[in-house]
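Below you'll find only one chain, the form predicted on its own, shown as structure tokens.
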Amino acid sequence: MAVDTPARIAILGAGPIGLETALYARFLGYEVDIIEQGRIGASVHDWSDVRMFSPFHMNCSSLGLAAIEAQDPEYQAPAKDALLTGGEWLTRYLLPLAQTDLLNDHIQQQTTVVHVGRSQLRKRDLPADDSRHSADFRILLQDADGTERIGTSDVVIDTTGVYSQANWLGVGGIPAVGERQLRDQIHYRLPAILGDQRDRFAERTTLLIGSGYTAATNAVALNNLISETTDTQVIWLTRKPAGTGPIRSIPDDRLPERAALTAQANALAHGSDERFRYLGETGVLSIEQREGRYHVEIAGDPGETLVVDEVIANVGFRPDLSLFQELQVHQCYASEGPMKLAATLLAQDSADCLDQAATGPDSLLNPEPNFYLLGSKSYGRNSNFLFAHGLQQVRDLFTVIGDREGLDLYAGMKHLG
């Protein structure tokens, strides 16, 4: 729905897409509040040692570069084909962007969004009625010291991502028996296996669960430890058929680093080193900690109980839907993403995220006027999101909010290279 400047837009999350969304809004003259529960780029900090598959020109915007260069004439952007680590992306692009005058004073860090609703309206009021837009959004916020307060806005854009909410590792996607009690001890992301957490994995046995690129990255890192130590062992467990590779190969992959990781991980799964064991077509039934070690019961005929020192569960993520439970958001029953976008993505089903076509402004619309989901959260449990897709969403969204078909601030800025 069109909203005239200088309306106030609340942007939930100060990650990569949150910052880019706020920048676009500021260039168009909107007032913005960027609300971040942790620190800027919090999820990127968690994989700061990991190198990205995609080159820098796919992980920046012409608008962002222009803003940074206007702030700091001495700024030197990375080469357009550079493959940065997460930490390098933070220090060389995301943090300089957040520190520009356009954004710096509008970011509220260590502030949690508890719930979003409408002033004087509840979820069941005026179903799918555009007149709901006349009631301001009412946002319950909690500061770092626990103090609660209310914020208001004309538009809410949720870019909080999915990284804070990992899936469960048990068979069928539900918690394995005992998993809920051990949630804070299991690694669901990318631990610094070769960095400051090395001692937790070296000369110990690790159970790795999952068949995506995150699991592949951890598998390769753990194998490096095997080559450097004498008693490091790995058990890699997936649901994939035992005779196939755990990571799906993409023919003629246009991202060489991704192709190399896939080949390396699949070779490990079918290698002959007894210290690296691969188990396909199975899953976790229960997990229990006894005397400092994990006893993990896995499915099979016959089943087996594995005894390990660390558990890494790279089983994907899901969106936190609690923030907007009082809003009218139509969600996909399979992916938990907004329905229009989910249907468009399903129609484009492809193994390669690079094949994803622009989904268009209409796919971003919800029954709730002026409430939008952008970034990885908009994809729900679909893991094919790229930063470049997020920039397309930002551009498309502001053709709606600004009521200007064809509006594209990115096209008007100097391009990298």
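What you see is a predicted model, and the numbers here were worked out from it, not measured in a lab. Each residue number is its position in the shown sequence, starting from 1.
There is also a form predicted in complex with a small molecule; it is not shown, and the following applies to it.
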Flag this candidate site as yes only if L169, W236 and N382 all have a heavy atom within 4.5 Å of the small molecule in the predicted complex; otherwise mark no. no
With the partner left out here, check for me: in the predicted complex, does some heavy atom of Y163 sit within 4.5 Å of the small molecule? yes
Check I17 for me: does it contact the small molecule in the predicted complex (non-hydrogen atoms, 4.5 angstroms)? yes
Check whether T111 has any heavy atom within 4.5 Å of a heavy atom of the small molecule in the predicted complex, and answer yes or no. yes
Check whether L63 has any heavy atom within 4.5 Å of a heavy atom of the small molecule in the predicted complex, and answer yes or no. no
Contact residue in the predicted complex, from S54, Q356, S363, Q392 (heavy atom within 4.5 Å of the small molecule): S54
L323, A221, L97, I209 - the one with a heavy atom within 4.5 Å of the small molecule in the predicted complex: L323
Partner contact check in the predicted complex: of 66 to 74, 365 to 373, 22 to 30, 35 to 43, the stretch with a heavy atom within 4.5 Å of the small molecule is 35 to 43
